[in-house]
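Take a look at this single chain in structure tokens; it is the form predicted alone.
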Amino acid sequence: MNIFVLLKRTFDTEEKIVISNGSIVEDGAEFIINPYDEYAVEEAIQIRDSQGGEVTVVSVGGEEAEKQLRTALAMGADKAVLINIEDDIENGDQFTTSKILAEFLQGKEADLILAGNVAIDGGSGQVGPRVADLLDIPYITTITNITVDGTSVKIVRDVEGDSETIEAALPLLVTAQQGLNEPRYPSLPGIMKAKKKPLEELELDDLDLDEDDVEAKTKTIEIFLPPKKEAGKVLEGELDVQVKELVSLLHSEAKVI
């Protein structure tokens, strides 16, 4: 099988994130593979091991993303591709990334494309479906199980706390939800092997694209942290008194009734 994984370099939200002048300060920040993309990488490796074929991880970004691609190679992916837009695009969005990825994937005869359900830095969940639409192939989101049988797949997907089972045919794009698997940690032998695995670097010119073709459709005005939560109130007294006070607070302060 010819399997591709769409991978994004994201901030490590377990570490402190600093906001200054309406944007995130990258100096000193920690970066990781987007956790949902890790599920996609792990599932791709497992499918390749059972069905045969090759796993290629692809990322759009700057040279710094090479570290995350090498991590995916150390996990067990076969090849990596970095589409470096650092010198061409100052501000991109989901349209930009999707257009570039779809252009790269055109003609690659991908059987299965996996992506994370969302990126933890943006959370829009747009890139996977947009890529599938541009490639004119079906897609299924928020999958928690996938079984491949030849050119057919059986998928279980998360649906607002419940699940549904879908059968589909390849080629197909799916997005990985938490619970799909438990991503492996790169082993020392895997890390050593990753240094020798191919990592190709491309630019927009290599895809016959220019800046106008992938110009962002949206603009980020400002990024800010949520306000700190205020301390809660403890109601005292008889139950009927507490109920009256609670209703009053919900009306006058919380303004939810």
Partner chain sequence: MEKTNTRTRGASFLFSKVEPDHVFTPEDFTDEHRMIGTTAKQFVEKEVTPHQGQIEKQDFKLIVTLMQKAGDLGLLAHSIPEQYGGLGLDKISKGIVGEMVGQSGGYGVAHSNHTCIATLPITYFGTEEQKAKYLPKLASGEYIGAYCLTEPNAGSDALSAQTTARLNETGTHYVLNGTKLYITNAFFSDTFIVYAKVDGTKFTAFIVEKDFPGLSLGPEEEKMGIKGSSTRSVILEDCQVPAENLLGEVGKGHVIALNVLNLGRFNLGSACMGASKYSLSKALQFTQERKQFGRAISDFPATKQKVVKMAGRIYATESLQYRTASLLEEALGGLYESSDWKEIGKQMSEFATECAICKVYGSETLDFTADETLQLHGGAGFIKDYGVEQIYRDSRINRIFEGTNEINRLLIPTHLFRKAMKGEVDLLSKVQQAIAELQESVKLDNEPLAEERNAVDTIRNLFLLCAGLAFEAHGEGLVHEQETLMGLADLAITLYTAESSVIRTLRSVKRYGEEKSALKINLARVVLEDSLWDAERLSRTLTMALTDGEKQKQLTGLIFRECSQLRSVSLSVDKKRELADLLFKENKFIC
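These numbers come from a predicted model, not from an experiment. Positions refer to the first chain, counted from 1.
What comes next is about the form predicted in complex with the partner chain, which does not appear here.
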Heavy atoms within 4.5 Å of the partner chain in the model of the complex: which stretch in 205-213, 47-55, 187-195, 219-227 meets that? 187-195
Even though the partner chain is not shown here, does it sit in the model of the complex so that Glu90, Lys99 and Ala132 each have a heavy atom within 4.5 Å? no
Tell me, yes or no, whether Ala74 is in contact with the partner chain in the model of the complex, where a contact means a heavy atom of each within 4.5 Å. yes
Examine Lys16 and determine whether its closest non-hydrogen atom to the partner chain in the model of the complex is within 4.5 angstroms. yes
